[in-house]
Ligand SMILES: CC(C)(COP(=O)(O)OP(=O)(O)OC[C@H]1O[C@@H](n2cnc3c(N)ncnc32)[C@H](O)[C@@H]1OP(=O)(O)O)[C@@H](O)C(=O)NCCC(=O)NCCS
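As structure tokens, one chain now follows by itself in the form predicted on its own.
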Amino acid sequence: MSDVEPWARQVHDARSPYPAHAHWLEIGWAVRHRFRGQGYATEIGRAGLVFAFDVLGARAVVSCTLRHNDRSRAVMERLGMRLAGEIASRGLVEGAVREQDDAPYVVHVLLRHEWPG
């Protein structure tokens, strides 16, 4: 993406509390167990995409989840996001009871020109 989309690596002017990407945002959702499977996460994600693209003018939106979180991955796919790769960060490895520093996360992305809006 960085060769085709040079804006993807541009940093936002504000450096506090840390540098942030200038043209893409991250969305996520958390739904209590008793409300899962009712479409709320997809609604939350869709509202986040509308706000990111139509209000804030983002060029791309990313979403991350633990590799084994099939429900969130399915939401990302329903939203039209595509798998961009994996990263390692602090979290739960499937089957583990304690967080680890190298838990595998998947990253999904949706570019503005792919947004059916």
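Position 1 is the first residue in the sequence shown; the rest follow in order. Predicted, not measured: the structure shown is a model, and the values here were computed from it.
Form predicted in complex with the ligand: not shown, discussed below.
Problem set entry | Listed residue that, although the ligand is not shown, lies within 4.5 Å of it in the model of the complex (heavy atoms), from Arg67, Arg90, Arg71, Arg82 | Filtering the options by heavy-atom distance leaves Arg71.
Problem set entry | Partner contact for Trp29 in the model of the complex: the ligand, 4.5 angstroms, heavy atom | Taking the distances in the model of the complex, the answer for Trp29 is yes, it comes within 4.5 Å of the ligand.
Exercise. Heavy atoms within 4.5 Å of the ligand in the model of the complex: does Val75 have any?
Worked result: So Val75 counts as contacting the ligand.
For this session: Would you please decide whether Ala58 lies within 4.5 angstroms of the ligand in the model of the complex, comparing each non-hydrogen atom pair?
Result: Although the ligand is absent here, Ala58 would stay clear of it in the model of the complex, with no heavy atoms inside 4.5 Å.
For this session: With heavy atoms only and a cut-off of 4.5 Å, decide whether Ala52 touches the ligand in the model of the complex.
Result: No.
Exercise. So which residues in 27-51, when you check the ligand in the model of the complex, have a heavy atom no farther than 4.5 Å from it?
Worked result: Counting only heavy atoms within 4.5 Å of the ligand in the model of the complex, the contacting residues of 27-51 are Trp29, Ala30, Val31, Arg36, Gly37, Gln38, Gly39, Tyr40, Ala41, Thr42.
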